[in-house]
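Encoded as structure tokens, the following chain is the form predicted on its own, with no partner shown.
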């Protein structure tokens, strides 16, 4: 039975590694959705994958390469802070496409990169080890604390954009610190659950929660609940069906999103 896998020492560490990101990424995604910056999240994840492949080429630790590349993407995003939305979207799209192109070329031309490339893109959670679990736990603790410290200022900058100008503060610094948290979380999540799985967790649970929550705190709680439930179903379902974890998680979250949208439209119609 798939539930027996949760008691198997072989799968305990991968389960809790992914669970940490299933809690953290929807929380970060709620703030990204508030700022309508979901495309930046996908660009961060893809850039982290390219950074990990380049790190392998240079003989560096993969996680270090992913973190450095994602942090560089966050710094580049900060350059476009305050630009027109169309300019920002174009910059994120170019970063995404460029990182994807570099990743595919590395996988195609480096025999050792092929296996890693499949793991990064497909999401090979079941093959993660203790180092991934430790990194996930540290990332969740640090990013969670950082998000708690930045939350009030992020909400103020969105709902009262003139607040920081009035008190002489810098909203750009707040946004940059938040972007670094997102970049680090996505970089480490990409190493464990894959590019699209990480993006699915940061994008789809907040999308569902946004439609059904009447307050910000309930929206955060519902986003985490959706992410965790979908993650557990995907973890067990992929084992039961003997399928890659990443696509199963993505399809479950898409199904939840579609059903939520249909139910919400019916609810409004009534």
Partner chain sequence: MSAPATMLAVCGLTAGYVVPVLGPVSFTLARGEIVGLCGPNGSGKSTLLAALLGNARIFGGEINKAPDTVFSLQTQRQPPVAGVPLNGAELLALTAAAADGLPPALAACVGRRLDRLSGGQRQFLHLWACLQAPADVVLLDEPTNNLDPDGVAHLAGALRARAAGGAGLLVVSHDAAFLAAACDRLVRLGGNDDAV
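Residue numbers count along the first chain shown, from 1. Owing to the predicted nature of the structure, the values given are computational and were not obtained by experimental measurement.
One more form of this protein, predicted together with the partner chain, exists but is not displayed; see below.
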property	result
Candidate spot 87, 176 and 180, all three touching the partner chain in the predicted complex (heavy atom, 4.5 Å)	no
Partner-proximal stretch of 57-65, 213-221, 41-49, 228-236 relative to the partner chain in the predicted complex, 4.5 angstroms, heavy atom	213-221
Contact of residue 110 with the partner chain in the predicted complex (heavy atom, 4.5 Å)	no
is_contact(residue 155, the partner chain) in the predicted complex, heavy atom dist at most 4.5 Å	yes
Any non-hydrogen atom of residue 166 within 4.5 angstroms of the partner chain in the predicted complex	yes
Non-hydrogen atom contact residue 141 with the partner chain in the predicted complex at 4.5 angstroms	no
Heavy atom within 4.5 Å of the partner chain in the predicted complex - residue from 80, 127, 148, 160	160
In the predicted complex: members of 11-34 within 4.5 Å of the partner chain, any heavy atom	34
